[in-house]
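Take a look at this one chain, the form predicted on its own, written out in structure tokens.
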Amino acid sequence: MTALDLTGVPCPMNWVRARLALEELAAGERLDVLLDHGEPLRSVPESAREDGHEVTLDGNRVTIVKR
């Protein structure tokens, strides 16, 4: 598992940085991303799902399993 704290990072850089972190992972590996509430917490999970990844939410933490 890899963790990435993106609190305080403005949109759309949240997804850009999360995507770069995902590129370093193998399929099936997990990335936990901490995000600010609001737009980041809406846009990052949506973008990850659109790219085909499995996404779960827990508070302000988004867990993305790379596909």
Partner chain sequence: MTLSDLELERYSRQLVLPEWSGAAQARLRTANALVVGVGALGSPVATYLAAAGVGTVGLVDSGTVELSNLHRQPLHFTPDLDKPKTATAALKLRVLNPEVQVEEYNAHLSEENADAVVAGASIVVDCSDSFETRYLVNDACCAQGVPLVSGAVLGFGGQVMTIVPGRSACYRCAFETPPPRGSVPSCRDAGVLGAMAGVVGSVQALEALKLLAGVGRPLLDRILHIDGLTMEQTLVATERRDGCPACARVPAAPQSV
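Residue numbers count along the first chain shown, from 1. All values derive from a computational prediction rather than experimental measurement.
The form predicted together with its partner chain exists for this protein as well; it is not shown, and the discussion that follows is about that form.
At a distance threshold of 4.5 angstroms between non-hydrogen atoms, residue 54 is out of contact with its partner chain in the model of the complex.
When contacts are judged by a 4.5 Å heavy atom cut-off, residue 18 does not count as touching its partner chain in the model of the complex. Although the partner is absent here, residue 23 is not a contact residue: none of its heavy atoms lies within 4.5 angstroms of its partner chain in the model of the complex. The shortest heavy atom separation between residue 50 and its partner chain in the model of the complex is within 4.5 Å. Using a 4.5 Å cut-off on any heavy atom, the residues of 4-29 that reach its partner chain in the model of the complex are, in sequence order, 11, 12, 14, 15.
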